[in-house]
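A single chain, nothing else alongside it, follows as structure tokens in the form predicted alone.
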Amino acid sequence: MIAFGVIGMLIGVVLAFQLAFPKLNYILGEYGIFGRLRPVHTNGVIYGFTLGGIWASWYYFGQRVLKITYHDYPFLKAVGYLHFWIWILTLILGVVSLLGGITQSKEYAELAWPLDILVVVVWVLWGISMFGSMGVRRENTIYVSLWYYIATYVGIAVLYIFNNLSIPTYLVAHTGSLWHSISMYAGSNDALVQWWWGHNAVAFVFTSGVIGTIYYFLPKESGQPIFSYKLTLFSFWSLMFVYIWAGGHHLIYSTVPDWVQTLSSVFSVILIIPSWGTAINMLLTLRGQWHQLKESPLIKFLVLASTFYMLSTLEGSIQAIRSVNALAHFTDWIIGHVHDGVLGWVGFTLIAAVYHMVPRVFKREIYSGKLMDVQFWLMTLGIVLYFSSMWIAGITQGMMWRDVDQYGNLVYQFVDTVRVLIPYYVIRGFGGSLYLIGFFIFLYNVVMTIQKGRVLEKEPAYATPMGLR
């Protein structure tokens, strides 16, 4: 998970500077161009870093909340190992094939059809692990984090398969490459299915999977119970009902039926209710315990993650309103929105989860609390520079694209907008670099914790102990 985080974020920084300085596209020949690197960046962050963090969390707390141990269930233990190694194999093949230019050209679904089959195998193994563990549990209650993990499992299983239904051209017609396939859908239908998947990869990996993760680690680390069980129930079911229909807002002003666009836009705006319900529930979990923000950098990560969740979901709902979408779509404002969610909400939650798990798994204190603090502030500054530069760049882009003179002619050519945006691209690259430096500090701190952290005699009940360095 951490290794793919480094790869995905490093490539992200390279991509950011390629937009500011186009000559960087040619430093590695065809393997370094934006079109090859971009899918490696997105797939590395989605399937390597994020799913890796979710699965690491599952294998850590799944046994704890179900009150089982895999030492008693060798089959489930073997499934876990198989799940891990086939996932690693799939990721490596994915990186190599995407760098080689083998792609289905569908956003967040670029992997070639043989790798799609491997993804399905990985998913089935996770399902066996998760539902098999629930089948032998010694705890009657299914903890709320597992509801969200079940939703992640079911949602992605359905959406990934339908979006990737395709015909391998070589096997069927003996033409083209063995890797090549064509989608079973065409035209607007293909776009609709693609964004039914594309937006719900955000819904069921970046959202439900990460909510499940923070719902375990925030109460556990703070020593506080979740603020409201009723609010948890309301947020979960309303999120499940609403989110899956929101993907069509990516196709506003396109050729898909108008009613689909309107319905998706309405559902996207309603989505703010369950999203904020979850975020408020997490923040109020710390009621009366705000002093922990001063005492623990780990709590800072979790609280700011919840805050970024509120920010990015509000922003997403606003961007789905038709009049706002007319200005925002295809601009860098969308990029800013995606990254304040991924870097702030997803990244901070999973980093905090690792900081909570590592001392307990390796029975050592975190090597340096001060380094965690430095990492936190560097990354926070990096995110703020990133999303604020992209907000300004996106709105500037949108306004320039639609500006007309008194005769109705466009005032600016496309290249005019590109020239104006270059300073913002430089700021974005700088912000991304700060976040990446913070991630390297995270990697160093984790390695040093494992190697040189002070030995823990007893597992802490909640607050993770940190070294004085």
Partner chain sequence: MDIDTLRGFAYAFFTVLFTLFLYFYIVSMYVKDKKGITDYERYSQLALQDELNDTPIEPRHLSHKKG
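Please read these numbers as outputs of a predicted model, since none were measured by experiment. Positions refer to the first chain, counted from 1.
The same protein also exists as the form predicted in complex with its partner chain; that form is not shown, yet it is the one meant from here on.
**Q.** its partner chain contact at V65 in the predicted bound form, heavy atom, 4.5 Å
**A.** Within the cut-off, so yes.
Q. Counting only non-hydrogen atoms and a 4.5 angstroms cut-off, does T396 reach its partner chain in the predicted bound form?
A. Judged by the heavy-atom cut-off of 4.5 Å, T396 is well away from its partner chain in the predicted bound form.
Q | Heavy atom of T103 within 4.5 Å of its partner chain in the predicted bound form | A | Contact check for T103: no, nothing within 4.5 Å of its partner chain in the predicted bound form.
Q. Taking heavy atoms only, is S323 within 4.5 angstroms of its partner chain in the predicted bound form?
A. No - in the predicted bound form, heavy atoms of S323 and its partner chain never come within 4.5 Å of each other.
Q | One residue of V124, I167, M240, L233 in contact with its partner chain, assessed in the predicted bound form (non-hydrogen atom, 4.5 angstroms) | A | Result of the distance check: L233.
Q) Within 4.5 Å of its partner chain in the predicted bound form, heavy atoms considered, which of R137, H329, H180, K77? A) Comparing distances to its partner chain in the predicted bound form, the residue within 4.5 Å is R137.
**Q.** Joint contact, T141, P219 and F227 to its partner chain in the predicted bound form, by non-hydrogen atom at 4.5 Å
**A.** The answer is yes: all three residues contact the partner (heavy atom, 4.5 Å cut-off).
Q: Determine which one of 92 to 100, 297 to 305, 141 to 149, 200 to 208 lies within 4.5 Å of its partner chain in the predicted bound form, judging by heavy atom distances; exactly one does.
A: Only one stretch qualifies here: 141 to 149.
Q | its partner chain in the predicted bound form - contacting residues of 245 to 268, heavy atom within 4.5 Å | A | Heavy-atom contacts within 4.5 Å come from V266 alone.
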